[in-house]
Ligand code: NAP
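One chain is shown next in structure tokens, namely the form predicted on its own.
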Amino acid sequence: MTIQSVNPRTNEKFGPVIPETTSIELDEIITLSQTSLQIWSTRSPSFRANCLHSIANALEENIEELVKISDLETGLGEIRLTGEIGRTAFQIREFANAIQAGDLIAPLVDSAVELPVPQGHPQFVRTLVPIGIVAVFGASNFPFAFSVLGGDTSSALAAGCSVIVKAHPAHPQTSLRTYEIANKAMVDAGAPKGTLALVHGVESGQMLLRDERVQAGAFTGSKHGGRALFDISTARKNPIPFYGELGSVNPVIVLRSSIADPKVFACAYLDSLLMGNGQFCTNPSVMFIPKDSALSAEIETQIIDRVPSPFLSQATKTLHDKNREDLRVLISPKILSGQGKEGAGFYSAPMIFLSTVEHLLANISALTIECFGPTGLILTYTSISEVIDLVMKMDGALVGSLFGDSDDADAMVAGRALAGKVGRVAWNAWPTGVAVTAGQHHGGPYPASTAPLHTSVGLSAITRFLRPVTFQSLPPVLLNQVAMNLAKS
């Protein structure tokens, strides 16, 4: 089996054919990764940080080449992709700086207390050790920031783990070239060969996750694909943690107090909904607006001028179009449509479905359908209690937005409802855009995430790949050589 790149703007194949990784090749890759782990996991945070800085520098030095390849494979455009590489380099450096400063990996010393129990206890030193080999499954919609060198890979490497990435078939050349650049930078900086590896093919990804030498998995993608990998991880003889982001239907609640200018608000909504052709896991999937608002009419007027952008792949378009049609049939909405596009590429017209909260309460399954693309759902309501009732029946999501005035009596109850269903609540801000910072939480109740206690974005992402080990009553000489050395060696 082979994989070949396809230009989403023209549906034309291009570039070299990339063979899928064979079982023999995969075994060799995992063996080398296991060998490299024994070295990489014991190197000092300063050494690992230096290697990570080398990767970030190499990315920026090759930005023009990477953008050119990726634009041909994804159709995302040079401006978007240039910015994404900058974000990727930034988050790699953030992890490098954090581990070098000891902020994320310093041991916790709980000194002995010479008193009777329960007050008294021996000395405990709680440390963090790398979990092992991590299998990372790259996402389609962010070919850099959530792919070969995304937050999963950079946080796992910072933790001291070796990483094997399964490349996404929608951008195989981008994945391969990114890996080549990063691997050379790491090896040149002194990292052992095999610390970072790349495999291609669905079957090789499944075999990778089943291999007992692999100790954790990380994934960003569809609910169907992510759940299948999650089940593999938990069905193993020795189950492993699987940190999956499986898609999200994100709620946006617009209170009566928030819409000062419907024209401006409608434009901002469409910008967020159609950003990247709607191929964001944080787009405003379903928006609740007051029934007597002029907003829906303004959106209907403005969407007529919106033109389509290409999907990432034929598979992405096919799934989107199927889900869009399933949603249309289920709720029979009023349809607000943008412009179409003829040609051989992967395009669908921007479209918004307009219905009522009351109608959806009788068709709640509609809110489990994620239209990953240029499709939005707007529901009108008469009272905030209707909205809360429906939100509480929705699946878990990554993010929710709340628009209103701080003194609005409905703001508190709406905010609490969102907090019960999402991993991040944005106040008077659209959900698209995920800042890479220490306070970020990019996760949420299932199916948004298989591990809602953890984030895949921000410095806390490293905790997914560090396993606690406590040393009790260790003599000082051994404490310095074993426990403390985990952070300083």
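Source: prediction; values computed, not measured. A residue's number is simply how far along the shown sequence it sits, counting from 1.
Omitted from view is the form predicted together with this ligand, to which the following refers.
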query: Per-stretch contact check against this ligand in the predicted bound form, the hit in 131 to 139, 337 to 345, 74 to 82, 251 to 259 (non-hydrogen atom, 4.5 angstroms); finding: 131 to 139
query: The single option of P333, P107, G404, P169 touching this ligand in the predicted bound form, heavy atom within 4.5 Å; finding: P169
query: The unique member of S222, N183, S355, S296 whose heavy atoms fall within 4.5 Å of this ligand in the predicted bound form; finding: S222
query: Proximity of G247 to this ligand in the predicted bound form, heavy atoms at 4.5 Å; finding: yes
query: Any non-hydrogen atom of Q206 within 4.5 angstroms of this ligand in the predicted bound form; finding: yes
query: In the predicted bound form, M351 touching this ligand (heavy atom, 4.5 Å); finding: no
query: Distance check, F372 to this ligand in the predicted bound form, heavy atom within 4.5 Å; finding: yes
query: Residues of stretch 305 to 339 in contact with this ligand in the predicted bound form (4.5 Å, non-hydrogen atom); finding: T316, L319
